[in-house]
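Just one chain is shown here, as structure tokens, and it is the form predicted on its own.
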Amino acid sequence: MELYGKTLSELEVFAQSEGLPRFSAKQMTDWLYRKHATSLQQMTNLPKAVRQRLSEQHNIGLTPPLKVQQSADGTKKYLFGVDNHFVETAYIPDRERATLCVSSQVGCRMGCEFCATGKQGFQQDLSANQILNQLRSIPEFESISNMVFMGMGEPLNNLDEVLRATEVLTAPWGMGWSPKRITVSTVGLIPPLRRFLAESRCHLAVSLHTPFADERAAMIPAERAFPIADVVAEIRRHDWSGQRRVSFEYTMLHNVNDTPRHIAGLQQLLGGLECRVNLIGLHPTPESHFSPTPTADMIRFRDTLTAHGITTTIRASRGLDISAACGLLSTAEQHKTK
């Protein structure tokens, strides 16, 4: 069994199954998440015979990336092997911050029109171990200031493992991060969204991309089951008065969703909600028929929304000289193995 990614309660069950006292679980969490042990033999406050016995059947479960691409702007895209598949992790340095964009699934069920991951289809969920390994096994591990679940997959479609991972990240017995350092993205799956809002204090990001249901359904098939109007209504029921944030991700597509009509639609959909809209420049993908909105038009879009009371920012495009768009690197690697 792989121990990295196990919660304290899971390790207590493990300790009991191995005939160890319950407090051994807390010793293990200290080694795993505070002292960053890479082998069971390093857990020196466990008896030597116990370490030897555990090592014969179990391991920490850390695996290094298979390859890395580095952009001129410092962005790195790491490729990890998962069983017979591949997942991607993006490291994005920005002055005093360093954000890690992690994957939660191999492929994705959502089938969003402009996403390379969606073209892969769904392969499997990632375990908490496989999610957290993307953080722990990169050289920049200790410099990461923020984590976003915006890589491959729909995080709320794998909510149990995502919540296990965020528990390890934020619990006092784990890494002790503030939930403010973590953002979980979704296309808006309402039942798991309710659970996420109730059980987690991490930030929420919703993939929006257009305020109009018919257009959004063409881009994001989940719109048909969970209309964005219902998603926003659910979000409005939640208390956002504290430090927790909700943002809406809006990839700008030239002459598709960047018109004055879309500005008016966003005002109607989001007006009065304490939120932020993040405008994202399109990272072109093979076979995509979309083109990016010119920078000047993005600025006008941002300024108009902000003037009407909706805080709007433009997210700087990073890693354009590598396979930075989600799914490109893993798709290329899959094609090599066929």
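Remember, predicted model here, so these are calculated numbers, not experimental data. The first residue of the shown sequence is 1; numbering continues from there.
As for the form predicted in complex with a small molecule, it is not shown, yet the points below apply to it.
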item: Partner proximity in the model of the complex: residue 282 to the small molecule, non-hydrogen atom cutoff 4.5 Å; value: yes
item: Residue 209: touches the small molecule in the model of the complex, heavy atom cutoff 4.5 angstroms; value: yes
item: Partner contact for residue 187 in the model of the complex: the small molecule, 4.5 angstroms, heavy atom; value: yes
item: In the model of the complex, residue 246 touching the small molecule (heavy atom, 4.5 Å); value: no
item: The unique member of 193, 150, 106, 163 whose heavy atoms fall within 4.5 Å of the small molecule in the model of the complex; value: 150
item: The small molecule: the contacting residue among 123, 75, 158, 251 in the model of the complex [heavy atom, 4.5 Å]; value: 251
item: Residue stretch of 111-119, 165-173, 263-271, 78-86 approaching the small molecule in the model of the complex, non-hydrogen atom distance within 4.5 Å; value: 111-119
